[in-house]
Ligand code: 3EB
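Before any questions on binding or motion, here is one chain by itself as structure tokens, the form predicted alone.
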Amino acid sequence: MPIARETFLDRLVHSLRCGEPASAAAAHAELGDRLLLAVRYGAPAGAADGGLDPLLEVPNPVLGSGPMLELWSSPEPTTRSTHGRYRLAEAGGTLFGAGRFPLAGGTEAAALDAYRELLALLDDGDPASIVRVWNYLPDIHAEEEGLERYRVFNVGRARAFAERFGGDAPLRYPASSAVGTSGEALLVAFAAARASVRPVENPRQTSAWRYPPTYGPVGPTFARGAIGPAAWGTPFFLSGTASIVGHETRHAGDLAAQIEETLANIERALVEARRAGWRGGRPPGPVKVYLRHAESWPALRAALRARLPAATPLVALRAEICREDLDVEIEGFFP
């Protein structure tokens, strides 16, 4: 179900496809050299890539359907390249990429490498900004170096931003999410643009990088959302959003209440995005849901269908959330 409206089609087309892993070959045959990024969810390890490049394989199970392809493509041919461990595709000042960073040397080192390589793409000024990053971290709650692995990941990520931007780093934080997965490598996908990005914060929530030390040596370095450039139609990328008010988890153990608090946070984030320049008025793109317990999906799906336009595409994945007392996290793309 492609999203192709007005200026948005000038730079990006997004679609979701369900089916067997072999559908990757059909997607490649259709998109050819216009593909910016493919993310395949729920496919078995070693499934044929079908020629898709860049391709990120995310093993998290898809709830309610079989394997799923998330495709970002351009209306014009892309140029593919490699930068460190990232595979890249670029067209008209739009850059997407995906990479795998083994955890054998430790999570901090993997995160530092991933973000150093990512931010190094800014060295020649094209693209100018990282807009959105998706992180999938194996065993996100495991203990490592006396800390939860997610908190170790945050240390490495923050180091990379501080090295590059110093005290101005918060002005350059992208929209982001980080959830658990399986395997032995940190998985990262991103979208970047030649133009500058407008980060968006949510007054209902403490800015993540300002969390107190109870959440780790450094706070998570991301914005609550980001508005993409005018060439993309100024879409709003909503970061992973959960039942957090201020910096505290609300409604631990109560799924229905967590869903409502999360949706309240999303509604406020959209208000702030509009104030910051997001025009809106078009149907949402994919709304992606991460659930700790697969059996929670019917209740959440019903709540989302009651709030969103009927044609809104949904992706639901089984995943560990960044805090053990959170059961659901939602992110979205709003053109």
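Sequential numbering from 1, following the sequence displayed. Computed from a predicted model, the values in this text were never measured in an experiment.
What comes next is about the form predicted together with this ligand, which does not appear here.
Can you tell me if Asn154 lies within 4.5 angstroms of this ligand in the model of the complex, counting non-hydrogen atoms only?
Contact with this ligand, yes.
For Thr181, is any heavy atom within 4.5 Å of this ligand in the model of the complex, or not?
Heavy-atom contact with this ligand at 4.5 Å: absent for Thr181.
Give a yes/no on whether Trp232 approaches this ligand to within 4.5 Å in the model of the complex, heavy atoms considered.
Because no heavy atom of Trp232 falls inside 4.5 Å of this ligand in the model of the complex, the answer is no.
Would Ile244 show up as a contact with this ligand in the model of the complex if we use heavy atoms at 4.5 Å?
Answer yes; at least one heavy atom of Ile244 falls within 4.5 Å of this ligand in the model of the complex.
Can you work out which of Phe237, Tyr150, Tyr136, Tyr173 has a heavy atom no more than 4.5 Å from this ligand in the model of the complex?
Selected residue: Tyr150.
When this ligand is placed as it is in the model of the complex, which of 214-222, 188-196, 160-168, 101-109 ends up with heavy atoms within 4.5 Å of it?
In short, 214-222.
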